[in-house]
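Next up: just one chain, as structure tokens, the form predicted on its own.
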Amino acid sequence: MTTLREARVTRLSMAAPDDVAPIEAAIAAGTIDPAAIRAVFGKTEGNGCVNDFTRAFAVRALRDMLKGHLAADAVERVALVMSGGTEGALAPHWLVFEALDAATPPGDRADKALAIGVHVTPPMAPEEIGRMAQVEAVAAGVRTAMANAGIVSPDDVHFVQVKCPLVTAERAAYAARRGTPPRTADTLKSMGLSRGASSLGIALALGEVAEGDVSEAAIGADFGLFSRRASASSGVELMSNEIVVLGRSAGWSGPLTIDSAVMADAVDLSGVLGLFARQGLTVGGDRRVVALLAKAEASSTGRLRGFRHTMLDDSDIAATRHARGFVGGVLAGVVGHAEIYVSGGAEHQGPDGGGPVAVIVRRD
């Protein structure tokens, strides 16, 4: 007989990028089992750009802390996904994802519970970032993570988070010396290309785009190709692609579920409100909302609902930072607080200027 699993998600406030004390306290209290941790998401207060070392700082602090509870090889299997940038009033926080043996069977409940699957790809070479090699590696990794979670149908997948690498000046020079230059030596552009390739890999794995439609030329250019459930965040702190699949499966029990929608643009609340209505949630402060995850992007047309925006014209602040703070404010009004996981840079993640949204809910 197959053992049922149960997902547990704990949201904890963060005083600084290295503030792992709340996780330590939860472990000491027995509300987090370190052996059950599969992934940790973090919203850190850096700029979210190439030189945002708050992400690496947070990862280092997490790994050092986990090594006090787990063997070194077990620590390496935990996906540590840091998203830099808490513009506006977005609140820095941790999301700890655990997979436990189910305490009780699902009984006669017909619907499925939250399921978590994790896979880390082998390290990428700098010249593979933003190219078909990354698309294919992520697509294969998503399928593996789905299998690990026991998620049979792509329709049961509601959010796929990928933490992907970027090209630094040093990495670009290393690749060039080997006669294999990267697709771009522009470090900021490499972030977008990496996110785009990862997102198209997710779309391929979930059957949202046809394999023949994806090419290197389409990555970061053809935004008619996108996934409705992809979230990709690039960082300097890794060279692999860390993949976390969140969905629903009959092989999982417990009170948590997940549902998703897509914002057509940065002020589109229709899908989000519909999502809350489906789950019977109250807008503006329902305690059953465990976590809200979303992507944000400045539309490439420079317009929002027909009106000009200046996010793309600002030479001082990256457009991803504007979009993150703006969408964070829109969604905070729905959730009733700003401790929400909003990630900027949504290339091929939802329609141009919009992005996927998922909510993890604790059912009565």
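The first residue of the shown sequence is 1; numbering continues from there. We call the rigid core the largest set of C-alpha positions that still match within 1.5 Å between the two forms. Everything numeric here is computed off the predicted structure, so don't read it as measured data.
Unshown form predicted together with a further copy of the same chain; subsequent notes refer to it.
A.B. asks: If you check in the model of the complex, do E24, G42 and F159 all have a non-hydrogen atom within 4.5 Å of a further copy of the same chain?
C.D. replies: Checked in the model of the complex: no contact with a further copy of the same chain for any of the three.
A.B. asks: Quick check for you: of 193-201, 75-83, 280-288, 226-234, which stretch puts a non-hydrogen atom within 4.5 Å of a further copy of the same chain in the model of the complex?
C.D. replies: Going by heavy atoms within 4.5 Å, the stretch is 280-288.
A.B. asks: So a further copy of the same chain isn't shown here. In the model of the complex, which residue out of L90, V209, V272, A137 has a non-hydrogen atom within 4.5 Å of it?
C.D. replies: Answer to the contact question: L90.
A.B. asks: Report yes if any heavy atom of T31 sits within 4.5 Å of a heavy atom of a further copy of the same chain in the model of the complex; otherwise report no.
C.D. replies: No, T31 stays farther than 4.5 Å from a further copy of the same chain in the model of the complex.
A.B. asks: Hey, in the model of the complex, does S300 get a heavy atom within 4.5 angstroms of a further copy of the same chain?
C.D. replies: So S300 does not count as contacting a further copy of the same chain.
A.B. asks: Is A185 close enough to a further copy of the same chain in the model of the complex to count, meaning some heavy atom within 4.5 Å?
C.D. replies: No, A185 is distant from the partner.
A.B. asks: Could you tell me if L304 has a non-hydrogen atom within 4.5 Å of a further copy of the same chain in the model of the complex?
C.D. replies: Although a further copy of the same chain is absent here, L304 would touch it in the model of the complex, with heavy atoms inside 4.5 Å.
A.B. asks: Can you list, in sequence order, the residues from 47-73 that come within 4.5 Å of a further copy of the same chain in the model of the complex, counting heavy atoms only?
C.D. replies: In sequence order, N47, C49, V50, N51, F53, T54, A56, F57, R60, A61, D64 come within 4.5 Å of the partner.
A.B. asks: Once the core is superposed between this form and the one not shown, does E237 show a C-alpha displacement of at least 2 Å?
C.D. replies: It does, since the E237 C-alpha is displaced 2 Å or more between this form and the one not shown after the core fit.
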